[in-house]
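Have a look below at one chain only, the form predicted alone, in structure tokens format.
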């Protein structure tokens, strides 16, 4: 059978939350060992890959003016890497439509890279398996493999070593988007500075989070959310403390700075509760925008071929 000729591929990739994130001491190579529970939620970036004569990227939507459109763009680097590894000339026009906040701790750039890998793989017919794409994703960044994987997973190493987490049920989240972003490197540097200055509280191990997920117990999960980077993010952006307190006062089961922040994720009892919580948060004007998202969500997936 003749293979269908494809001119355009559209891929959707989800935002991620860290339900648990424990950060080890800085290693000699500058990285930190991590143990994290990743959770993909239904807030998506979409990437179109179209046949072209050059490798280009354009960006629209949430925070588009903050996203590089040169070789610093992670989606562009993903396309170039896939082409190099499969012998395809990496010429493609990438169009990114963003809904995931930029520099918000939700892995928007990693989602775009994962989407570009999947889109270009389909466009060029490289035929790589999921494991091959995951290996390439690891070379692009610590969060890119999970953006491919989706669902809920335990991440170790720098976060790129994934083990699927068996859980029950779905979870309703309200994401509070703060003004501006936080650079991941600056948040880690602040954590290192805090640790060098004296004892710093750390989150418990991941077992309580995994246990709550196995039971599908949203209330229990809300109590055990934890992130070693949260204190550092709050130190750099003190307004996050008021935002976290406001969500708790409004009845959220739990709240957590996602990754390096400054996005704050609040867990609701169910979808109806999430709608009310989102409206109440928006009315408090403690953040620039509020988004509803359910999890777990699929990883990067093709949604249209043309």
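Not measured: the values here are computed from a predicted model. Positions refer to the first chain, counted from 1.
Keep in mind that the form predicted together with adenosine-5'-triphosphate (ATP) is missing from the display, and what follows is about it.
Colleague: Within 4.5 Å, heavy atoms only: does residue 155 come near adenosine-5'-triphosphate (ATP) in the model of the complex?
Modeller: Residue 155: no contact with adenosine-5'-triphosphate (ATP) in the model of the complex.
Colleague: I'd like to know if residue 73 sits close to adenosine-5'-triphosphate (ATP) in the model of the complex, meaning any non-hydrogen atom pair within 4.5 angstroms.
Modeller: Yes, residue 73 lies within 4.5 Å of adenosine-5'-triphosphate (ATP) in the model of the complex.
Colleague: Taking adenosine-5'-triphosphate (ATP) as it sits in the model of the complex, is residue 67 near enough to touch it, meaning that at least one heavy atom pair lies within 4.5 angstroms?
Modeller: So residue 67 counts as contacting adenosine-5'-triphosphate (ATP).
Colleague: When the contact criterion is heavy atoms within 4.5 Å, does residue 148 count as touching adenosine-5'-triphosphate (ATP) in the model of the complex?
Modeller: Judged by the heavy-atom cut-off of 4.5 Å, residue 148 is well away from adenosine-5'-triphosphate (ATP) in the model of the complex.
Colleague: Please pick out the stretch from 164-172, 99-107, 230-238, 125-133 that is in contact with adenosine-5'-triphosphate (ATP) in the model of the complex, where contact means heavy atoms within 4.5 Å.
Modeller: Partner-contacting stretch among the options: 99-107.
Colleague: Between 86, 184, 95, 138, only one gets a heavy atom within 4.5 angstroms of adenosine-5'-triphosphate (ATP) in the model of the complex; which residue is that?
Modeller: Only one option qualifies, and that one is 184.
Colleague: Across 125-147, which residues bring a heavy atom to within 4.5 Å of adenosine-5'-triphosphate (ATP) in the model of the complex?
Modeller: Heavy-atom contacts within 4.5 Å come from 143 alone.
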